[in-house]
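The chain that follows stands alone, in the form predicted on its own, written as structure tokens.
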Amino acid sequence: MVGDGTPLPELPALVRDGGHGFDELGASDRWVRAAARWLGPLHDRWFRVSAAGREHVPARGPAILAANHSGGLPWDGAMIWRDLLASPTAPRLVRPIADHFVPSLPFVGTVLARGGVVGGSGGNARALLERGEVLLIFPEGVPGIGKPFRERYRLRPFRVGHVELAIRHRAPIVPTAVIGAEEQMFELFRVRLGRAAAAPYLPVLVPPWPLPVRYHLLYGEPLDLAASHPPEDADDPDVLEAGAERVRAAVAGLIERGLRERRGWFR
């Protein structure tokens, strides 16, 4: 069992070991399973994650999860990662795509890499999709996770990289909504860091540990942009912008549904 609830499926190979105990992007099967055990109680008992639509995540082959981002610290990504790893319908090891500065963070960057997080370069994303893995992308980027409380659940503009990848590598995009993370922590202020620092700023959050809000994850029907666009359309800015707006609208619809259906922050 992982945590108190959902068991971790016996997957034959969580990570494609390159012969050194981890794959070429730094993920380790041993670390992934340890992280799943550690995150189990948070998923099952602290955030009490409920999920709808897991069947929309392909059971095999490449796919891209495109989700809203919030909460000051990326617990939303951790809960999606843990949720799909133990999914009874389509257990998958999700590879979160982090902003460019994350891999260079001392210690933290290494720990996240061992769990499957990869830096947001085109080469990393291409390599993973070409071998049939699932990416988790937050198209809002840092502006999403750092939005003020008064603007919660208002999506920032979506970057277009996930659409380019989907068209070029023929991967469906699964719109994903996270309800609950917006209320887990509150940013008092942020400390701007110098250009030499790895991160753009240091948020000062209260409380220091996230509140036990209830997470609701909604996975929407896949968008098959590749069905209506040949690979060369991945180089067309207009196509990419239109695709990003389509994905953004799908995520916004899931957020609206989730907010309408939940009974409160903690329920």
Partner chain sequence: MTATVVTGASTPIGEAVIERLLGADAARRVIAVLAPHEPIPRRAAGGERVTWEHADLTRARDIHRLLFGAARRLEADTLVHLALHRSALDEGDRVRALNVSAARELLDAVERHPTIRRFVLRSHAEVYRARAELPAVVDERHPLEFDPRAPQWIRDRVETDLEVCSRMGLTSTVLVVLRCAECLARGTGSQLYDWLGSRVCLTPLGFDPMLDLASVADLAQALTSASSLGRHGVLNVPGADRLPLSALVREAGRAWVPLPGPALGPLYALRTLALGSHFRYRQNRWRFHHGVVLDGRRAREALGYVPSHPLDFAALRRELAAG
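Residue numbers count along the first chain shown, from 1. Just so it is clear, the model here is predicted, and its values are computed rather than measured.
The same protein has a further form, the form predicted together with its partner chain, not shown here; the description that follows concerns it.
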Find out whether any non-hydrogen atom of G141 is located within 4.5 angstroms of its partner chain in the model of the complex, and reply yes or no.
no
Evaluate E130 for contact with its partner chain in the model of the complex, applying a 4.5 angstroms cut-off between non-hydrogen atoms, and reply yes or no.
yes
Taking its partner chain as it sits in the model of the complex, is S87 in contact with it (heavy atom to heavy atom, 4.5 Å or less)?
no
Would you check, heavy atoms only and a 4.5 Å threshold, whether A252 touches its partner chain in the model of the complex?
no
Region of this chain that lies against its partner chain in the model of the complex, out of 145 to 153, 172 to 180, 75 to 83, 118 to 126 [heavy atom, 4.5 Å]:
118 to 126
May I ask you to list the residues of 103 to 120 that have any heavy atom within 4.5 angstroms of its partner chain in the model of the complex, in sequence order?
P103, S104, L105, P106, F107, T110, R114
